[in-house]
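Just the one chain here, laid out as C-alpha cells, in the form predicted on its own.
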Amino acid sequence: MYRIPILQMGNTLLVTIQVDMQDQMALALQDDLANKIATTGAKGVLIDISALEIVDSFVGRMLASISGISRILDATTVVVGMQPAVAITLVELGLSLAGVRTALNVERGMELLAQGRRENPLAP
C-alpha cells in the first residue's frame, strides 16, 4: 500500500497529499502522523490538500481526527490548500471540521503555526 510521506522541517511536520486518499491510506496517515509526532516532539503539522479534488465523508472525518490526535499530543494542525469544491462538499456532508485550523496556502499555514508558537513561548 502507498504511504503518504511525512517530512520534518524544524519542529513542524509537512504532509502533502498528492493522490486521492482511500480509506486505508487515510488510516495509515493517521497512525504514521501520531507516531511521528510522538517520536519527534513536533509542535506543528501542516497538511496540504491542494491536489485533492474530491473528499468523502470518511476522509473529512479523518482530517478532523488527525487534528484532534495532534492536539492531544501537543501539536497544532493546519490544513491548507482546500479547493472550493472540497469545502462545499464537506459542508454539504455536514462536516464543518470543527477544531481544524485551515489556511488558503502553505505560506499562510506556516504563519499560523508560527503565530501559535509565539503565543505559547514555552513551546520549543
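The first residue of the sequence shown is number 1, and the count goes up from there. What you see is a predicted model; the values in this text were computed from it and never measured.
The same protein also has a form predicted in complex with another copy of the chain, omitted here; what follows describes it.
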Inset, instruction - State yes or no: in the predicted bound form, is some non-hydrogen atom of residue 16 no more than 4.5 angstroms from a non-hydrogen atom of another copy of the chain? - result: yes
Legend entry - Close approach of residue 51 to another copy of the chain in the predicted bound form, 4.5 Å, heavy atom: yes
Legend entry - Distance check, residue 110 to another copy of the chain in the predicted bound form, heavy atom within 4.5 Å: yes
Inset, instruction - Decide whether residue 104 counts as a contact residue for another copy of the chain in the predicted bound form under a heavy atom distance cut-off of 4.5 Å. - result: no
Legend entry - Stretch 66 to 81: residues contacting another copy of the chain in the predicted bound form, 4.5 Å heavy atom cut-off: none
